[in-house]
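Next up is one chain by itself, shown in structure tokens, the form predicted alone.
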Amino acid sequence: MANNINKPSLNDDRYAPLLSPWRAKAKVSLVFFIILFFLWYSSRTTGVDFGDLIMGFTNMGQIIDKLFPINMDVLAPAFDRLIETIHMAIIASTFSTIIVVPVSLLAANNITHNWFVYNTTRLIMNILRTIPDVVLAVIFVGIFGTGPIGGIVALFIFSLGILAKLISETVEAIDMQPIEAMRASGANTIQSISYGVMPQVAPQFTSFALYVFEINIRASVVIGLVGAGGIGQLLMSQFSFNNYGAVMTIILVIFIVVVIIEYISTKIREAII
């Protein structure tokens, strides 16, 4: 009896039409047909023929025949270039991790109260993050020439944009009460950041740094295709000579090393967080 005291009837409830089953089905159907229309329109505009796409998979057998047997003669130079790739990722990740500390603090609105500095820093980081790593590699290969230098600079800027976003958002989510208490006790800005901010973000900071290192390992392979050093450059050279057995060997080496690095990094992140 008490449950019916303030319960409106179906006719009096103004939210009842919004919850009716036919309205929910109509909305889902409308969204489905809108997506279907855009899929059809995009396929028509780009000239994509799904029949040709299916027929293209029939050529996979020819490609697989060319990739095997693998060419073990390229294994030694592949490991040399792989070490170079890892070194590129380490250098770029280390410098970006160091530089991102002040940058992420300037991009956090609870730490930086200057409107101009905050928005300028965020704008620059957003611009850097929108530039693909391959485009950065092409730019710096044109500046420094082919080799690992252009790749390292490209990976550094690419990593800085990602880390700045992740860490600045982490800083904005911290508990400000310890920092306010330290400031009320007479602590300066550096002291409040060192003892109030850093302990709260240190686990996430380490996790994000390892995550970016994983990304840089994979990205260094891609940017090597445009001459930015590393094992990607060797992969491209073997592919250009139609040495598909060597290409498969390099792909397997990359796959094994990336899986091992990701496994180790995941275990470290799980131990930290």
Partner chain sequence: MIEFNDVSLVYPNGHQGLKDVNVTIEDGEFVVIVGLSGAGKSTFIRSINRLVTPTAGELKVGGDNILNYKSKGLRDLRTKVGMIFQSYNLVKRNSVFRNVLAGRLGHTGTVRSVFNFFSKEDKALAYESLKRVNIDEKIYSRADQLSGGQQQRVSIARVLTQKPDYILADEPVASLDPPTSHQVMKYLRRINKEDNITTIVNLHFIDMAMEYADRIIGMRSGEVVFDGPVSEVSEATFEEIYGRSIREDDLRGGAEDGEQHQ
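Positions refer to the first chain, counted from 1. Because the structure is a prediction, the values reported are computed rather than measured.
Another form, the form predicted in complex with its partner chain, is not on view; read the next lines as being about it.
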With the partner omitted here, the residue among 110, 120, 185, 114 that in the predicted complex has a heavy atom within 4.5 Å of its partner chain is 185
Does its partner chain get within 4.5 angstroms of any non-hydrogen atom of residue 196 in the predicted complex? yes
Residue 172: touches its partner chain in the predicted complex, heavy atom cutoff 4.5 angstroms: no
Even though the partner isn't displayed, in the predicted complex is residue 200 close enough to its partner chain, meaning a heavy atom within 4.5 Å? yes
Contact between residue 73 and its partner chain in the predicted complex at 4.5 Å, heavy atoms? no
